[in-house]
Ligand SMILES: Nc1ncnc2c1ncn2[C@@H]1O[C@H](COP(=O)(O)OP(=O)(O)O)[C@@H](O)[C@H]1O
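One chain comes next, on its own, written out as structure tokens in the form predicted on its own.
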């Protein structure tokens, strides 16, 4: 399965979610490659930090920030169980290529009505991609949600009426993600029983249930 995390809006947590989905699958014994398609290379930076800390390699991280992604990702997918694409912000050519490569598109959004509206560009590109890939699946993912906040609930209710719909699993606003990123680790490596680790596991399980 090729999963692409895409949103033209920066700062919504694409890289964090991509790394943790790849890590969760890897710890379950799956062969995973993460494609860093963001010219900023944040996932590659995380991987290098992990190497500096002498931590074991969980999954491969490959830099492919170019619009031939739709041809190269399926080739890489032949050798692994899952490909996770950490998509670029505001690079339409790269985003189109990632959409054409993916089996499932995840669109991370923050708990704000403005974030839903800001996703108009990626939804337009998704519509274009479905002309060529009619079965392309997509879901919103609510990220950095404050516990039981009204705005998170209202955003989820707003997105529930959308195509694509929103996943039931949500990811909280947790310091553990920042701590993990700085040390080249995953939240499950810091504390396997933490709320952050449980949320990632729940997200991964829901993705597997809806996987095309």
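These numbers come from a predicted model, not from an experiment. Residue numbers count along the first chain shown, from 1.
The same protein also exists as the form predicted together with this ligand; that form is not shown, yet it is the one meant from here on.
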Can you pick out, from 171, 64, 32, 166, the residue that has a heavy atom within 4.5 Å of this ligand in the predicted bound form? 171
Looking at the partner-bound form in the predicted bound form, is residue 177 within 4.5 Å of this ligand by any heavy atom? yes
Residue 12 versus this ligand, in the predicted bound form: is there a non-hydrogen atom within 4.5 Å? yes
With the partner left out of view, is residue 50 within 4.5 angstroms of this ligand in the predicted bound form by any non-hydrogen atom? no
Is residue 185 near this ligand? Define near as a heavy atom within 4.5 Å, in the predicted bound form. no
Answer range among 138 to 146, 92 to 100, 121 to 129, 70 to 78 for contact with this ligand, defined in the predicted bound form as heavy atoms within 4.5 Å: 138 to 146
